[in-house]
Structure formats: C-alpha cells, structure tokens
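Single chain ahead, by itself, as structure tokens, in the form predicted alone.
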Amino acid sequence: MSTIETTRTGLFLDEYGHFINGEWVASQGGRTIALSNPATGRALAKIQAGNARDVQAAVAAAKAAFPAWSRSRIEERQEILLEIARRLKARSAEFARMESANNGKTVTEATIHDLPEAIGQFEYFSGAVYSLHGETRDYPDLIGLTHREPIGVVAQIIPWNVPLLMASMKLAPALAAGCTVVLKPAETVCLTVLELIREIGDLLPPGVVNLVTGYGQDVGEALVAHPDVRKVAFTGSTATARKIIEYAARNTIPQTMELGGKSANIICASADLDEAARTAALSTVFNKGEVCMAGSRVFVERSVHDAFLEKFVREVDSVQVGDPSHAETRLGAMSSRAQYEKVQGYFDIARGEGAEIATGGTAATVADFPDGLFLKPTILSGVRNDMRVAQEEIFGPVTSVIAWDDESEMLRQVNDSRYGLAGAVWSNDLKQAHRIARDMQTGVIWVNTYYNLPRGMPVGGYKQSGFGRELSWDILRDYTITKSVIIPL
C-alpha cells in the first residue's frame, strides 16, 4: 500500500488515507469519495473508498498488535486516554468548526455538546481501567480465580450524525479494556474522526487503532465477517444492524448495537407547560433532529393539549435557521442530500395520512446559502400513533403531537413501537411520574427534563433499539471476557 502525502487547505487536508498499522495509506482499489459542506455545497476533502483488501490489512495489523497491547500496564493505558482528552481540549474550538463544516450542525452545538462529551469519554474510561479486575472464590478444597481479559480485535462501525462523539464512545472503552480496533466511520461525514486519529496516532503503538473509510457494502461485510474479529460494536439504523448481525453470526461473535428510536415525550396535565414546550422544541432541533434519542412523539394530555401546542409552536417558530457558524443559529443544515430529501418526503406522508402541519413542513431559504440543505423545524398535530410519521424514525427536525385521555391507553400506545431507546415524563405528581416511567418500555427515561445525561449512566435500548449499554462502565463487560482458573488445595 502506498502512503498518502497531502496538503491542508483550510480546516481539512485535501485527501485522507486509511490509517493502518500506524501509517496513512491509499486504498488498494485506488478510488476516493468527495465530501462537501452541506450548508454551502462546497467541496471539503476526499477520503478513500476502501475495499476488502484494505480491511484485511487493517485486521491483520490489529491482530498483530493485540498481544502486547492486551498486556500493557493499566497506568500506560490510563495516561494515553488522558492525553487524548488533553489534545482534544487543546483543539476543541477547531474540532467544533470541523464538525460543523462536515455535518451541518451549528458550531455552538458542537462546542457545548459534542466536544465536551467526546473529551469526557476518554476522561471517564481513563479512570474505569482500574475497575477491570478479577475475583477470587474460596472453597474448602480449592481456590477459584476469575480473570477479566480483553476480548480481542474489535470492529467498530459508527454513523454520520455525531461522528466525533461516536468515535470517542467506541474507542475509549475498547482501548481502556486492552482491545485493538478497526474503526469504520460513515462515508458521508467522517472528517473529524480522521482528524482525531491524526491527532492521537503517535500515542498508540502501530496497529492498536486502525481506520478504514469507504462504502458500507465494500467495507462493512468484509470487516464484520473477518475470522480474526472477535466483537462488533455498531451504532446506526436497525436495517443495517440486521445485516451486521448476519455477518457476525458467521463466526459466532458478540455484538453491541445502539440503533434507532421513536421516543415518547409524555406531557401530563400537571406539567410545567412552558418548560415542557421549550424542551420539546430543543428535542426537535437538536442536531437537526438527527438524533436517535429525539423525543419525536409528544403525547399530551387532552386537557392541556391546545395550550401546550400553542406554546410548542411559538418556541419552534422562534428557532433561527441559518449559517451554522453563527452563534445565534440554532438549526443548521441536514447532513446529506439523501437525508434532506428523505425528511421532506415525510411532509407529504403526513399530509396523506391526515395529520396537520402546525408549523414548518417545507425547506428553509437561507440568505447567501442557495445550495444549503436547510429545513424548517416542523410540528405535526392531529397525529395518531398508528400513522407512519409516528412509527417510523424520520431522523430530522420533525415532531408529532398525539393527544391522550386515559393513562393506561396512552402507555399502551407509547409502548406500541418497534423502538424503545429514550423518553420523558412531564408531571408534578411524583407518584404518576414513577408509575409511568416504570411502565415505559425504553432504556433511558427523563423526568421533567430531556437530553440530560450525566456521565456514567448506562445508555441503550429495548426491542429494535438494540442491545448493550454504552457511556458507562457496563460497556467494559462487552469488551472483555471472563476466564475461570481452578486451583485444588
């Protein structure tokens, strides 16, 4: 494989290679993919369109690096994770601009959310390394020892909506556990991930972290089905997850899956409607609605439905759509034309199903950005839970409002979903809030708040929202394996 020599134009290099065995190399297939800014349409950089031969080289490097890395000292791994966090902090403003340019999100959002959370993953798991230990069990005639060991070479596949954070969520626990990694980011939005690896590549022994870019059909199957891969960690759509599970089954290897969501945001009559409306608006526009945990089904008790809807519409209409680099902008551009067109298609679906568009429902025109992929934040009212807009993950700035009268019937509808990732309950009746939260079939539930995730709380889904728990110590169990040793006395 030939090495890549490139120059930097603005924020990004002109071209990025794969990162394999500590070197930046061109794809063996010789093809590249051009990435652009979704707000301006301007070209940003080229990445490699990888293939199965690139995957084979990356897995071979990870396999060769595993024996030494898996036996590295805890102190060494901790210091590396802390240094990664320090380096991200030092360049956090630049990384925020890069994430905005490639993804379309606002710089403000990247600054106050993506970068602190990405940095926090490396800080959190730098401490968690010391909690990876075995146990002893005493018996009258023997001693039983259990060792917790790194599982091996790990395939990690991440999406395009929050790529830097997703890379951090995957890499930090894997490195803490002593695993080696082949990381495959999304081919549409991945430049901050490539820049992260450029920033930290010198900290890690060659082969410990490898990165291969390219289309899913060319890279994904070859990576997940490789006989030397011992675990798969995936975040993305449920449809893609089914394929990955099939590939992983060939070698009977475990997976963790964080998939789609259609989360229920439940508003009870006793709720603080002003705060509930403000937070529902935040959920609608946060990361342009390209968030698996978005509260995209708002169930409102009928006695306060009209009052809530009025406040909700007012909050959403106050959102400024525009240049993602401006501090006052709250809604940037959709990440890709495919997503932009997909979301617009749901406006027609909603009308056809009989829902009403309370606000939004069209593309947004932004001065000086004629080619930008901007949408108006949208509220759908008069929605029934059996409509497609209430059942399918739209993954855009679109929220459906559903009225309810009876608590038990409302909960039946809340749970009548293939997904179960997140949700919220708004009520000033503590008993009611507990009762509803206990009956919701979902992995994360907020009470009188939304998108409040203290570090260390496990995050993951029920049903087709996946399995496994991330952002907490729990994930280290999935990157390690237990060995029992019995010593007769």
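Residue numbers here begin at 1 and follow the sequence given. The structure displayed is predicted, hence computed values, not measured ones.
Absent from the display: the form predicted together with a small molecule. The rest refers to it.
The single contact residue among Glu187, Glu315, Glu123, Glu195, judged by any heavy atom lying within 4.5 Å of the small molecule in the model of the complex, is Glu187. This chain appears without its partner; in the model of the complex, the one residue of Gly361, Gly152, Gly260, Gly382 with a heavy atom within 4.5 Å of the small molecule is Gly260. Although the partner is absent here, Thr235 is a contact residue: one of its heavy atoms lies within 4.5 angstroms of the small molecule in the model of the complex. Put simply, Phe369 is far from the small molecule in the model of the complex: not one heavy atom of it is within 4.5 Å. Using a 4.5 angstroms threshold between heavy atoms, Gly220 counts as touching the small molecule in the model of the complex.
By the criterion of a heavy atom within 4.5 Å, Leu331 is excluded from the residues contacting the small molecule in the model of the complex. Heavy atoms within 4.5 Å of the small molecule in the model of the complex are found in one stretch of 127 to 135, 209 to 217, 403 to 411, 141 to 149, which is 209 to 217. Remark: all three candidate residues (Met166, Thr240 and Tyr247) come within 4.5 Å of the small molecule in the model of the complex, counting heavy atoms only.
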